[in-house]
Each structure stands twice: as C-alpha cells, then as structure tokens.
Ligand SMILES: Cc1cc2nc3c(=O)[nH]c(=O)nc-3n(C[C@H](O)[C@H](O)[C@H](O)COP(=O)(O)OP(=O)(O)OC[C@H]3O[C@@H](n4cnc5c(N)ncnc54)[C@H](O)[C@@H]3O)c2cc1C
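Next up is one chain by itself, shown in structure tokens, the form predicted on its own.
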C-alpha cells in the first residue's frame, strides 16, 4: 500500500510515524524544509482539560480535549520511543476572569467544577485563589473578579517538534518530501492522484492508495477536489506566537489564561523561555475563503516589533510584571501559522462555533482521510485514530 500524508504538522507527522512503526512506507509532504514549523510549533502547547471552553454548554469540547491531553505525553513517549520524563512542562496555569468577561464568575466556577470531574483520579482539582493573594501571584487585584488555580500545563512545542522531526528524519520507512507544495488532488481509478510542485521547481504527480490530508491552510479546498461536502462556513486565521528565550530574571511571572473573551495567554516554561499572546494583536489576519495565500502575505507584511510591544502592554494591564519584557525585546521572536475553525462569528458572540472544538476529527471518503485536530493537544490521539481507521 502506497500512503501519502499531506502536511508535516503534529498530526501529519504522528500519522506518518505511527504507520512507519507498523512497517508501512510513507511519503510525508510539506512545503517547509522541516516538519513541525508552523502552527504545531507556534502555539502555547497547552494540554487543555477544557477549562477555557466554558461557553460550550454541551461540555463536549472539554471531554474531547481532556481525553487528548491526558494521553498526550504517553502517546508521544511510545511512538517516539523516548521516556515520558523527557518532556519539559511549564508552570501550572492560573485562570483569571476580568470584570468584562463574557461569562459570570459563577458560570465559570460551575464549569471548572465539571472539568474537575473529567480529570479526577489523574490530577488535583482546580481551586479559587483568595483575593488577598492576587498580588502575591502577580495579578492586579483591581482587574479580576475571580482567579482559579489549576494543574493544567503546557509542553515546550519546540522540544516536542525537535523530537518528532528527529524521528521523521531518521525513520527508514518515512520519505520526507520537503519544500513540496500540494496543488490539487483527484481520484484516478481506485487511487488518489496528487499534484505536487517543488517550491520554485518542477511539478509532478504521485498516485497513492491512501491519503491523509493534514494541511491547515488549503485543507478544505483540497477536500472539495475529492468531492467531500464542505458546505459549512469556516474561518481561517493567521495567529502568531511571541516567544522569549534565555531570560532568567522573570521567574515569578505566572502561566495564565484570561477568560472569557478576546484576551490572551502567558506561559512560563520554567527554564527562561516564555510564550505571550494577546488575541486582538496576535490574530494577524483572517479569511472566510479557502485560499491561505493572503494570510501568509499579511504575516510577512505585519509590524512584528509592534505586535510584541502592544501585546506586552495589553497583558501588563492584568499582570503588571509583564512590562519587564520590554527590557528583553532583543530576545523576542514572532512566528505563527494558520488555524481553522467552523463558523464566521467572532469570539464576543457566545453562540459562535469558535467556542467549540468537538465537531472535529477524522473525515473519511474511501481512503481519503481529512484530519481536523481542533487543538494541539488532540493531535497524537487523532493520529492513532486515523491510522486505526485505515487499517480496520
């Protein structure tokens, strides 16, 4: 069986590794020179339990992300053949609820109690922080009506990416076709003919018995070439991550997510590395269309230093010590990738599908598999599911 995997993000790479570990030969195709270079690298790396998805009243998102997160490290450890202790973990997250949150602190506290039942037996439950302790953990007490302490953590996406890329590069059963763009695909008898083009080079075709479409930008467009019914409204966004490395004097900055609204996140990895994001600034561009080129162009043209400065200032309104990052701008990097979600509605609309990540997964038509991971933490689990469905 000749198998093609389109897109070498975390899901695509893990599908290729899983198949290769089972003895199958796999072509892994990506437009970048290395695996794990876009959205799978440039995100907060959070192993979500579902706390932030309080607007999803069905609770299905929390169930899905918690399942993926609780098995995330064990799955990577097994497939990459590295000890689970290898993976670096951030300081645990606090969740802060500002006064203009879209949901009341009572609704959020009720949701946290539900999520706690999902992780019972694995990790300690969340707990509220006394208002008198807000200053001690770095929060401006005037900005919050509730702060919750959790056991949720982030992994170091760069470390995970290096381990995955190393496995891809060394595995004898994986042919990594780098700097190769997927232009279109069609059925050809009982096979799938994929048109490929080397970046700045020749075009050609490959026929596969099975294909896993793990692209972010252009995934739905490609699915339409195969006749999949993708009639639902969707939104593609280019979102960047701000990362600081090699800073040793800001250890007291907490890992924090502000909810619920157009806020941001901070991750303290505990080793001098930090992740910052302020959504209204770090969402560089969005489109309701299928063509990702305009998003890439928007990132290329954006004022990256301005993105860093404005994000620091916005986050510092809530966590005053964040202002200290202005002294370390020379250690900042700004990179990103495309993320896709259903619906067109913005975050302030509580009914928007952007508040949900349960209608995702493996969409199959014959031996064409379209993979929507939904969130980073769900990628490894979904990779195993996709392979199992092919081989069932």
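All of these numbers come straight from a predicted model, not from anything done at the bench. Numbering follows the first chain given and starts at 1.
FYI, the form predicted in complex with the ligand isn't displayed, but the following is about it.
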All of 216, 338 and 374 with a heavy atom within 4.5 Å of the ligand in the model of the complex: yes
Quick one: does residue 95 come within 4.5 Å of the ligand in the model of the complex, counting heavy atoms only? no
Report whether the minimum heavy atom distance between residue 386 and the ligand in the model of the complex is within 4.5 Å. no
In the model of the complex, residue 225 touching the ligand (heavy atom, 4.5 Å): no
Give a yes/no on whether residue 61 approaches the ligand to within 4.5 Å in the model of the complex, heavy atoms considered. no
Stretch from 362-370, 345-353, 25-33, 320-328 whose residues place a heavy atom within 4.5 Å of the ligand in the model of the complex: 25-33
Pick out the residues of 32-48 whose heavy atoms come within 4.5 Å of the ligand in the model of the complex. 32, 37, 38, 39, 40, 42, 43, 44, 45, 46, 48
